[in-house]
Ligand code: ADE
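Only one chain is included here, represented as structure tokens and corresponding to the form predicted on its own.
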């Protein structure tokens, strides 16, 4: 990649729409929070923990992901974790972020819902004041748990409805189809929450279809398996349903053997509203600019693709129309220079 294109990728304004805030916990911060909270970790050092980041599939990652989250106990822990990510995002010229968080990971350990959401939300508010970065929270249900547990989580969230923009569905995809959560998503839709769902990462294209049909998802997280179903591709193009694609995550979890095999370019050429995101950056080898650079180095992507991906990131965001238009003008102004 030439230096000019790399500079464009680094400096262009962008939104990040697929970031699990717990997946931004760097080993150094995990150990710092463990010390602060007196939590014993099954790793002797930062290096030992980082060396364990050799995943063969989604589940092998999730095992370590949940272990890392065990250090999060107080509101300040959630604040510090979120601010650390937002600082990195600001450095990468992220102007808007929609953060996933997994309350069940924490409430199952006895951490109050308020502790989780208040710490994360306060950091987002501070980022807006410091850098003008807008942000919103998307509460995810863990799909390996029951729908009844998802309903209980939703009830716990209702007093904090003003802090949430939407709900999502994450965790182990295989064996947990989206339709398992149709009733709770219908309730969330009735509450006016935006709806997104992980589908078509390790799961089949059919999971994308049921996320659209049964959950009424407005955005599909990952979705790269769609290319196996031409009719589904046509539908995604026709409906302009965005996909939040995470290249380095797909590589790390062996969805693609090499980044050169990734279908990001094919998605764009098909007319799909694809975006680039970091997923769980502390575990998968990079934040959003790292994902852009790696993808552009591996694939024959151009300056025009960069412009389209930047535009897609804002057009796919749950922003008010006037805010979306303003961000899209910022993209056009950047690329016209």
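What you see is a predicted model, and the numbers here were worked out from it, not measured in a lab. Numbering follows the first chain given and starts at 1.
Keep in mind that the form predicted in complex with the ligand is not shown, yet the notes after this line are about it.
Note on the partner interface in the predicted complex: the residue among 296, 287, 55, 65 having a heavy atom within 4.5 angstroms of the ligand is 65. Only one segment in the set 34-42, 272-280, 304-312, 287-295 has residues whose heavy atoms sit within 4.5 Å of the ligand in the predicted complex; it is 272-280. The ligand is not drawn, but in the predicted complex it has a heavy atom within 4.5 Å of residue 201. Using a 4.5 angstroms limit between non-hydrogen atoms, residue 98 is distant from the ligand in the predicted complex. Interface membership of residue 222, defined by any non-hydrogen atom within 4.5 Å of the ligand in the predicted complex, is confirmed. Among residues of the shown chain, residue 171 is one whose heavy atoms approach the ligand to within 4.5 Å in the predicted complex. The three residues 14, 134 and 318 each lack any heavy atom within 4.5 Å of the ligand in the predicted complex. Although the ligand is not shown here, in the predicted complex the stretch 234-269 places heavy atoms of 249, 253 within 4.5 Å of it, in sequence order.
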